[in-house]
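Next up is one chain by itself, shown in structure tokens, the form predicted on its own.
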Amino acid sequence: MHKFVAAGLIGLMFAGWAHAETGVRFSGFGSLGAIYNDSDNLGFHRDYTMDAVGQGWSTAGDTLLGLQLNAEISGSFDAVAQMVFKDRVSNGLSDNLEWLFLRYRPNNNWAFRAGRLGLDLYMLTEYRDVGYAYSWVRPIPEFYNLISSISRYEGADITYRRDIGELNFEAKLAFGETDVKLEGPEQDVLLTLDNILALTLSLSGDDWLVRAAMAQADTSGTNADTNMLLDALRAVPVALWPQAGTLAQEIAFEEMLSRYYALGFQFDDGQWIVQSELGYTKSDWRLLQPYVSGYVSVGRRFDDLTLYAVYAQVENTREAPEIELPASLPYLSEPEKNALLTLHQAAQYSYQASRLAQSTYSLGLRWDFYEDMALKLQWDHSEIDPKGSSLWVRAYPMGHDDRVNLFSVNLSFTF
């Protein structure tokens, strides 16, 4: 709670300064949320940068506060800073700084930005944490949980916009790097992305938007359990298990090329709201098998009320590799055989620990009861395969299917 008090004080300082300075605008957003999770095994988090909430009620999973400062420097230059305070795995001051960039707009067609930027890979890039901007309580986990965990980077981007008749076209090219601490299904991971290259294309009309994104990066990661496994594999004599060294090379997460592709569609005519995104991710790192993710959301407004339903799914497109048993096992003593079998099982488990296979049905109601404020109720029912629970934080090793219900109450606002 102390972080939100500190954030409020920072906000008051920003507001006072913005009030005194011409060309400086202060704004903010936030959510007060409560989640009930009925699973005694799977902890829920809206993305991997946040601590998971376990069985029972919790206000940590969806509560957040954002503060933003826009400053006009000259006719062509401006600067933007945004801080978002929430229950992060890593909670340093720099972790809360989402944006800090300088922008140059020589004309209406071109924009150049440099600094800490949002990675433009999905429909909610500019307002992922602004719950008031969308109908749901939170971004759809099947699509957003993993990819939105890498939400920002240090680098630069170039944007080109132009009107084509009554349509608007936009292209954005970005380059940079980032690192982030994530809470994985069974352990924390420090993830580093270098040489990020991303291209986004979008076309929009009065009440619709189509959007495509492509990105790639050299990815590296480390955690304590994997390091122990690598040390053990590298220490196995070649005569006992010749493939152990090759396995260590495959499990080591060092500068592996990862690629991401996404296509999104949005329609909003004031009454009906339809939105869908489909993504495909693949990596040279064999522990993360390729997967597809997507969702379809349909909503209908009735004055101040919006009813909506969502179906979402995420699934690996390739089976986890099966590791052959060491051929030397029949010739080993019982202690040596047990030690080698334990190492084989640990290596095989590492290939399956990141598997994804689940679908979720959601129903929700949004009530815009006051200006810039909305109250939301949402029920999510997730069906998760025995080896597909990597969107969650597991209390026990995977191996059985799960049915999880989340009930959410959320107050979203802007100011």
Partner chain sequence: MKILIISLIAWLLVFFPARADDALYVVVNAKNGIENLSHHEVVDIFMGRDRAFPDGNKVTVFDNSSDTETRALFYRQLVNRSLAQVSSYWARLQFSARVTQPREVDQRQALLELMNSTPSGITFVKSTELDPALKVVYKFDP
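Residue numbers count along the first chain shown, from 1. From a predicted model like this one, the values you see are computed outputs, not experimental measurements.
Beyond the structure shown, there is the form predicted together with the partner chain, which is absent from this document and is the topic of what follows.
Just one listed stretch, out of 238 to 246, 284 to 292, 102 to 110, 330 to 338, contacts the partner chain in the predicted complex at the 4.5 Å heavy atom level, and that stretch is 102 to 110. This chain is drawn without the partner chain; in the predicted complex, the residue among E322, D231, E254, D269 with a heavy atom within 4.5 Å of it is D269. Comment: the partner chain is not present in this chain, but in the predicted complex one of K181, R300, R161, R259 has a heavy atom within 4.5 Å of it, namely R161. Put simply, Y351 is far from the partner chain in the predicted complex: not one heavy atom of it is within 4.5 Å. When the partner chain is considered in the predicted complex, D87 lies well away from it, no heavy atom lying within 4.5 Å.
Under a 4.5 angstroms non-hydrogen atom cutoff, the partner chain in the predicted complex lacks W136 among its neighbouring residues.
At a distance threshold of 4.5 angstroms between non-hydrogen atoms, E170 is in contact with the partner chain in the predicted complex. When contacts are defined as a non-hydrogen atom within 4.5 Å, none of D38, D188 and Y361 contacts the partner chain in the predicted complex. Contact annotation for 181 to 219: residues with any non-hydrogen atom within 4.5 angstroms of the partner chain in the predicted complex are D206, D207, listed in sequence order.
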